[in-house]
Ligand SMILES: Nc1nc2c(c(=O)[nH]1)N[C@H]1C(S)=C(S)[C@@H](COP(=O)(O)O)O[C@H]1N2
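Consider the single chain below, provided in structure tokens and representing the form predicted on its own.
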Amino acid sequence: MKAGTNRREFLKCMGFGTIGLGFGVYVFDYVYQYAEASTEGEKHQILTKGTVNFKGFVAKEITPNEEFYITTYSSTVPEVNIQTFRLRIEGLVERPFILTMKELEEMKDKTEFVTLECIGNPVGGDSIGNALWDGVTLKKIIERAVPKKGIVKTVFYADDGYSDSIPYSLSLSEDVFLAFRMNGEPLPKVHGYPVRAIVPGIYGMKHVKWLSKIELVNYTYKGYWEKKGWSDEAIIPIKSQILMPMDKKRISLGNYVIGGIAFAGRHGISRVQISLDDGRTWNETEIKPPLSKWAWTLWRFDWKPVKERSYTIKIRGIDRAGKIQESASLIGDIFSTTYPDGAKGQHAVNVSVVKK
């Protein structure tokens, strides 16, 4: 890690939540049922009932709010008064304006499953989660302000003093939005209440919470982490993870289902492959269609070990462009391997096969 970024600062990025993918809940067609629900109570039930058993792999496809990892650059969680809250839109615009929370909610045009991940998340780490977000597209807000020519960056300012930016061209995408609901509920305080940015496929430091101002500027604005040398593009590469079995697990001879998640940021997962011999040979896994193009994918593999011995199991994803996940292993200190643009490498677990 670059000088000036100490471990205490880095750990703030690592969060306190869990991946939320153990034994959990699932409804097959969330989006359809959620859209058809007539009350907020019904919507909440849709997000919290049922189970997914993907042919033996049981998982939470949506991370509950209370289990979603927490990212913050300080220990401060702002106390925002919803009655006096105002979101300012200014900078290189013809018509700067201010929005109340009620006005923001009335502009709602987006409901999307999006997976978020911290740039400091190591290979196989738990600072990643998937949720259903409701909000308004950033493009809709920007257009109302009538932007001028020459804009380079869209800058987000948080109520706790944090700031970051994304390319102006990206902010005009229909995929980037401001969220005020998370899994059918108002944003929890620790996740940015009352409104935060959602920038699919980009690491979490760009998803600025507790938004108070959006400014359009004609220069390359660098936020808190970029000034410390972390990536400004912050594009999430191909990731995959083994959740079943856990490392060091003893497995009985016979049938066993291996399972986990895969995510390819802005490109999407097309295939997931597993190796049972430390990467020498690879087998295709079965994948479940993701809840959206911005959500992680569940995968599973039927394994029938017949020999009592130790195995190193590895996993790798392949995105829709045909790119294969990098094979670099996690070596040494996790605080250096994630810097400056996120961890790369294939997740592996070591298991022992024994008689029952």
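In this text, residue numbers run from 1 along the sequence as written. Quick caveat, the model's predicted, so the values are computed rather than measured.
What comes next is about the form predicted together with the named molecule, which does not appear here.
- In summary, the region of this chain contacting the named molecule in the predicted bound form, judged by heavy atoms within 4.5 Å and restricted to 90 to 98, 147 to 155, 112 to 120, 247 to 255, corresponds to 112 to 120.
- Three-residue candidate spot I70, V190 and W225; every residue lies within 4.5 angstroms of the named molecule in the predicted bound form by at least one non-hydrogen atom.
- The named molecule is not shown here, and in the predicted bound form it never comes within 4.5 Å of any heavy atom of I274.
- Contact annotation: H267 falls outside 4.5 Å of the named molecule in the predicted bound form, judged by heavy atom distances.
- Using a 4.5 Å cutoff between non-hydrogen atoms, V208 counts as a contact of the named molecule in the predicted bound form.
- Heavy atoms of G124 never reach within 4.5 Å of the named molecule in the predicted bound form, leaving it off the interface.
- This chain lacks the partner; the member of P200, P237, G204, G259 within 4.5 angstroms of the named molecule in the predicted bound form by a non-hydrogen atom is G204.
- Between the named molecule and the residues D160, E215, D175, D134, the one pair within 4.5 Å by heavy atoms in the predicted bound form involves D160.
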